[in-house]
Every structure is written in structure tokens, then in C-alpha cells.
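Only one chain comes next, encoded as C-alpha cells, the form predicted on its own.
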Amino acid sequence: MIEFSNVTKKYGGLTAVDDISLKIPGSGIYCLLGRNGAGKTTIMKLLAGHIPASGGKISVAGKPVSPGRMPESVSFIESGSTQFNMRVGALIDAASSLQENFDREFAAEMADKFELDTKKKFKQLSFGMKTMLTAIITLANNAELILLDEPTLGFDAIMRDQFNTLLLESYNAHPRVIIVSTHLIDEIAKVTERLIIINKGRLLLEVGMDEVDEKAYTLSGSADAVTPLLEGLNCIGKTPVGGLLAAHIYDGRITPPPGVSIDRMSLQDFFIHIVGGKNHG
């Protein structure tokens, strides 16, 4: 479905995307994680054909992607995107008339479910509701590839939960590739199937959530008891406190001896350690 082959993007002397090769073979909800400036938005713009790559090749559904060949099968919404200042109902109608595969029924149902006032004009909506409307219109498009860049900025906890529900309902109705970039890591873990982690423009890891759940854990106990266990393990971070040590592991599970506990690592902690740590094996 999606393939990056040795893709690089440079802005003058700055390398925003550095020799990334990545394949996404089929449908799923993917989470694109990275620190600010890691290259997340650049990757999405490259996939949508909004900007040219400096090197390498990009294809979607077997077709090359570039600004001269922007794929119709891709829908990209950047954080803070705006709409024409029309009434909500009219915006949905306009999207339906312009997009052949637009699911008008889904859009209307989601607008009602999330209490969007269809009589209000776009500029009368709160920032969060503007973002929710844009997400609904994007997901109702039924493109083969949906790119959502920081879609929950400005959302409170309830709206973020509603957005995750929207994402799942859209995917269940029309399975396709949905890539979401976000800083709210543990929340997206509830809906995403795979993670794409980048750092300083380079791909660190592309992995399924089930593998992270199995291989990301923390060993805690006295430093004398924990340290010998780390030989041969991929330790991605350590937190010493006095004579105690918490070692953060991304590797096969072990059975620790008495006095050493083993605990699941949250996705947020896993991200912090794998990006900040020295070992990414």
C-alpha cells in the first residue's frame, strides 16, 4: 500500500527526513510518534504529494507520489486546517457533492453524535469543534489513505475520547490505512495497531502494539540485584534512586529472581526511553 525507499527531505542545510525506508502493506490504524521537529509533518506532506522528496522514492497503492502526481487516494489534514465559513450542514453537503465516495450518512451521524450544531457557521465553532468537523469530513471521504496531523490539539479529555471513538467507527465502517501523529501517546494506544517512531528525521522503529506490550517492561529492585540481569538484554534506560534501580527493557521477557519485580511499561514511558536512550535494538 505505502512504500518509502531511502527517502530524504532537505530544507537547505537542514535534513528533515533522513534516508527512511518503510513499508505499510495493508489496512490499519498507525500512530506516527516523534518529538517536536522529528519530521512527522514532513513525512505526511511527502506522502500526500504536497512537497517533493530530495531523494528516494515514495509510492501509494503502487503509484509514485510527487507534487506533480498527487494521489487521489490520499486525504491529508494538517493541524489547524480551516474550512470555508459556511454552515456546518452546508460544508458536509459540499464535501458530499465534491467527493465521489463521500459517506454522507456517516458524516451526518457523527456530527449529531458529537453535538455539532449544523446551523452554525464554521467560524462560530470552538477550536475543538472546528477540528472535530474537519476530522469528520476527512474520515467520511473514504480515501484509501487518511493522514491526520495532531488531530486532537485543543481537545479536552472528553473530546479526545470521542475522537478515538470516531476513529474506530470510521475504520470499522471502511477499513483502510489511517496514520495519526500525536503527542498524547497513551491515549492513542487504545486504538492504534502499529507504531512508527521517528527521531531526528530517521526511522527508529515500526512495530505492532502487541509486540510493545510483550517486550517493553521495567525491572525494579536493588541495583545489586537488577544490574546482573541486564547482561544480554536491550536496556533502553535506567532510573536509579539511592540503592534501587529501575531498568527499562525492550527485549524478550525474563523471569526475575525474588526481590526483583517486573512491570509493564506504559507506551509514553517506552517512547521516552527509546527516543532518549542509547540502545534501540
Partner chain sequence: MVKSISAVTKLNLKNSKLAYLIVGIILATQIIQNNIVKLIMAANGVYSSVDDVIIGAGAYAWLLPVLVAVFIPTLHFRKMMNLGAKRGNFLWGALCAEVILVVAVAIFNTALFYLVDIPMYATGYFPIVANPIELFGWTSHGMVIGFLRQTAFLLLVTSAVHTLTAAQGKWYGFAADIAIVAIISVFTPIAPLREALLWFFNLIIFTSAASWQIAACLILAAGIYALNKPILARKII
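Superpose the two forms; the largest set of C-alphas matching within 1.5 Å is the rigid core. Model, not experiment: these values are computed from the prediction. Residue numbers count along the first chain shown, from 1.
This next part talks about the form predicted together with the partner chain, which is not shown.
Heavy atoms within 4.5 Å of the partner chain in the predicted complex belong, among the stretches 107-115, 205-213, 169-177, 90-98, to residues of 90-98.
Highlighted residues Val191, Cys235 and Gly237: none comes within 4.5 Å of the partner chain in the predicted complex, counting any heavy atom. Listed residues Pro64, Pro67, Gly55, Pro256 were compared with the partner chain in the predicted complex; Pro67 is the one with a heavy atom within 4.5 Å. The single contact residue among Ile185, Ile196, Ile77, Leu145, judged by any heavy atom lying within 4.5 Å of the partner chain in the predicted complex, is Ile77. Taking non-hydrogen atoms only, Gly49 approaches the partner chain to within 4.5 angstroms in the predicted complex. The partner chain in the predicted complex is not approached by Leu153, whose heavy atoms all lie more than 4.5 angstroms from it. Using a 4.5 angstroms limit between non-hydrogen atoms, Ile137 touches the partner chain in the predicted complex. Though the partner is left out of this view, His248 does not reach within 4.5 Å of the partner chain in the predicted complex, counting heavy atoms only. Once you line up the core between the shown form and the other one, the Cα of Asn142 stays within less than 2 Å of where it was. With the core held fixed between the shown form and the other one, Ser96 has its Cα displaced by at least 2 Å.
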